[in-house]
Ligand code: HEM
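Presented as structure tokens, the chain that follows is alone, the form predicted alone.
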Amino acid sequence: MREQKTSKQRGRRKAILVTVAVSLMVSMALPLTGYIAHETGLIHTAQAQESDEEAVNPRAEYWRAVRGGTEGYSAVSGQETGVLIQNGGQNWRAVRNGPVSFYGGSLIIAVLLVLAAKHIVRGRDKLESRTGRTITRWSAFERVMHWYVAISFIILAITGLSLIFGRAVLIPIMGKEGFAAWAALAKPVHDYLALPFAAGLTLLMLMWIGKNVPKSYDFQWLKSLGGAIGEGHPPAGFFNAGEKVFYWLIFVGGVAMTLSGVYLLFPNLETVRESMQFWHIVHSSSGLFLIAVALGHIYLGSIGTEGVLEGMVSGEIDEGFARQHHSLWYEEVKGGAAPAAEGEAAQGTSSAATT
């Protein structure tokens, strides 16, 4: 009896082992049936039918239509309110954050590096002599307008640069909350100061346009880079050729920046989003260009050239500065009198120092 029970138990164990082994083999073999069916072509037709049905994704086609600028219905009144997504915004963002930011920022950095190298290598352009006698160069009104436009431009430049490069430069430094607080202040300041600045710049450009007409002797100034090449200082009128170049760069850039700024401030001026995006690119590009140009002007008008800043502060310049940098204008003011001799200039300097 015991032998029969033992044999039955062994049989059950074998049956269980066989069942487990067969189950494992079947579970391992089942995934292979798909490959076999595919290779034999049994399910090729079914998959082809499914792929044909899914070749056109209804949702993808819907969003293609949306981004294509297809106009629909909207209860909101206004220009382009029936357009859900305007695809030009992607192109505008790519241009603004790409070429405009890269080349504009690179230009500003390049100008700073050139000015720093010039100051290290050559230092400040000093006066050859001082006479102690002064000539009125700027009226009080001209000085007030100059400083008004200059200060306004610096504020606009700082706020504008913050809005262009804030995400890439300021957020890592200030954090998102800090930059958000600063941007909330910078944006209205930039907008409200824009029109007063444009009015002051326009008046300043009109005041000095007659004195910035190119003359034949300006070519000699440009050829010698204002005396940097060769000996002596080339002749110049009230404005030398370098100042005239700066004036016309500001004039052209100012027109582009002002005109584009008007469209950005007043978006309801019969325009569409494509126009707004275009004018924003013009405004950003001209603004970055003018900042780079202004950096050169600020350097040369302050620490770069001796005698310039004191003239714009007091309105008076030394006769030695006038003879050195604006000889033709100096002769005109003096009624054609010959420039003072070096001995007289030195004597005037010593007497002024004694005084």
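When you see a residue number, it is the position in the sequence shown, counting from 1. Source: prediction; values computed, not measured.
One more form of this protein, predicted in complex with the named molecule, exists but is not displayed; see below.
Engineer: If you check R130, H280, H233, K244 against the named molecule in the model of the complex, which one has a heavy atom within 4.5 Å?
Structural biologist: If I apply the 4.5 Å criterion carefully, the residue I get is H280.
Engineer: Which one, I250, L204, A157, L170, lies within 4.5 Å of the named molecule in the model of the complex by heavy atoms?
Structural biologist: None of the others qualify; the residue that does is A157.
Engineer: Can you say which of 234-242, 213-221, 115-123, 148-156 gets within 4.5 Å of the named molecule in the model of the complex, counting heavy atoms only?
Structural biologist: The contacting stretch here is 148-156.
Engineer: Spell out, yes or no, whether the shortest heavy atom distance between I135 and the named molecule in the model of the complex is within 4.5 Å.
Structural biologist: Taking the distances in the model of the complex, the answer for I135 is no, it never comes within 4.5 Å of the named molecule.
Engineer: Answer for G287 alone: is it within 4.5 Å of the named molecule in the model of the complex, judged on heavy atom distances?
Structural biologist: Answer yes; at least one heavy atom of G287 falls within 4.5 Å of the named molecule in the model of the complex.
Engineer: Taking the shortest heavy atom distance, is K187 within 4.5 Å of the named molecule in the model of the complex?
Structural biologist: Flag for K187 set to yes.
Engineer: Please tell me whether any heavy atom belonging to G261 falls inside 4.5 Å of a heavy atom of the named molecule, as the geometry stands in the model of the complex.
Structural biologist: Yes, G261 is a contact residue.
Engineer: So in the model of the complex, are V308, E319 and V333 all sitting within 4.5 Å of the named molecule, heavy atoms only?
Structural biologist: Result no, not one residue of the spot touches the named molecule.
Engineer: Using a 4.5 Å cut-off on heavy atoms, what residues in 181-200 are near the named molecule in the model of the complex?
Structural biologist: Result: K187, H190, D191, A194, F197, A198.
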